[in-house]
Every structure is written in structure tokens, then in C-alpha cells.
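Same chain, two versions here, written out as C-alpha cells and called structure 1 and structure 2.
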Structure 1
């Protein structure tokens, strides 16, 4: 990867981290508020993000838009027949999301905001990921 490539993803990531903090999506309080159905804030953000994403992806597919390198954009479909994996894995993720009040993007953005304690959940998430890798063949999918 060339330097300009790194810079590109670094800038998009910076933009992402900035919005995550400014919108307070990274806030443990906002996640509590969401799961308690006390405010529209988080639903508005996720909902609007999906609507904008959906419209863009449909345009990209319909018009066969190519990426900046001239390659066709392909989006690999996910295997919906593995219902167990999505229900059980998703629920385990949800337990963690509510407990920690942060999903992977916010964990890193919070670290950047100066909360060095986030190194602990990030390390724990790596252990969790590795544990999944070890147990993968023994888990129902």
C-alpha cells in the first residue's frame, strides 16, 4: 500500500472517530439511554446512517459504479442460513455492548479522547476474539 493509500484511510478513520465522539455515540450513558428507550438520539443516528448507507449502496449497485482505481465494486453477501451464529453471537455481542457501553469503533475513539482505561476492554476484546478463534469448530453456527 502506498503512502497516499494509508493517508486516505487514516483521514476517513479520523473523520469517523470525530463524529463518533461529537454525536456521543461513544458514551456509556447514551447506550444506557438507548436500551432504556428513554431517548430517540441513538435510534436517530443508527437509523439515518442506515438510510444514507442504503441509498448509496443501491445507487452504487444499480449504476455499477467503479471505485477510484477503476475496479468494479462487489459486496460479498452474508450467509443468512447460519441463523444460530447471528442470534447467539449477536446476543453475546449485545450483552457486551450494553455492559461496556461501547462497541469496537467507540472503544478506539474513547481511547483517543484520553481514556487510557479503554486499553483494558480493548485487550479483553482481543482475548474474546482469540477465544472465539480457538472454540470456533466446537460452536454451533
Structure 2
């Protein structure tokens, strides 16, 4: 990959982080409001993200969109026999989100906005990802 492509992704990621901070998606108080069902703010943003995702996937499927290397993007169907896996994985993700007050993407936006305490969960996420990489062949998939 060329430096200009890395720069492009860095700029897009920085802009996305800016949007997350300004829309208060990374605010621990907004996340707490969501889990306490006190405000609609986060549900509205998540709902819009789902709608944008659904539309995007349909466009990718109908127009045979290609990735940056020119390969067709394929989206395989979900395996219905793996429902337990999805429920357990989603529950673990949600529990971590509720305990930390941030999901993986916003952790970097929070770090960038000056919350250096986010170095701890980022390090823990990296250790967890590395551990999964080591154990992946021994885990049921």
C-alpha cells in the first residue's frame, strides 16, 4: 500500500473520530443514558447506522461493488446454526461496552481527545486480540 493510501485512511479515521466526539457518541454519560433507557440520543444514532448499513449492503450486492484492489466484494450469508455463537459474542461485546462505556472504535477517539486512561482498555483489547489469534485454531468456529 502506498503512503498516500495510508494518509487517506488516516484522514478518514480522524474525521470519523471527530464526528464521534462531536455527536457525543463517545460520551460515557450518553452511553449510560442509553443503558438506563433515559434518552433516545444513542438509540437514534445506532438506528441510523443500521439503516445506512442496510442500504450500503444492498447497494454493494446489487451493483457488484469492488474493493480497492478491484476484487468483487462478497457478503456470505450468516450460518443460522451458529445463533448461540452470535448471541454469546454479542453479549460479551455489550457487557464490555457497558462496563467500559465505549466500544473499540471510540476508544481511540477518546484517547485522541485527551483521555489517556483509554490506553488501558486499548492495551487490554490488543492483548485479547493477540490471545485469540494464538488460540483461534483450538476454538470452535
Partner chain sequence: MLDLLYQPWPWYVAGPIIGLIVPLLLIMGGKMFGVSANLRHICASCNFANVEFFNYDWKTAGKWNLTFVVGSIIGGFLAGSVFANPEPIQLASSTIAELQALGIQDFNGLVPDDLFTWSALGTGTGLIVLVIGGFLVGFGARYAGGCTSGHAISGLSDLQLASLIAVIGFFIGGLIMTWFIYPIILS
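Whichever C-alpha set is largest while still superposing within 1.5 Å between the two forms counts as the rigid core. Residue numbers count along the first chain shown, from 1. Source: prediction; values computed, not measured.
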Where is the form predicted on its own shown, in structure 1 or in structure 2?
2
Could you check whether the CA atom of residue 70 moves 2 Å or more between structure 1 and structure 2, using the rigid core for the fit?
yes
At a 2 Å cut-off on C-alpha positions, does residue 128 qualify as shifted between structure 1 and structure 2 after fitting the rigid core?
yes
Would you say residue 91 moves its Cα by 2 Å or more between structure 1 and structure 2, aligning on the core?
no
Residue 60: how large is its C-alpha shift between structure 1 and structure 2, with the rigid core as the superposition reference, in Å?
4.0
What Cα shift, in Å, does residue 79 show between structure 1 and structure 2 once the core is superposed?
3.5
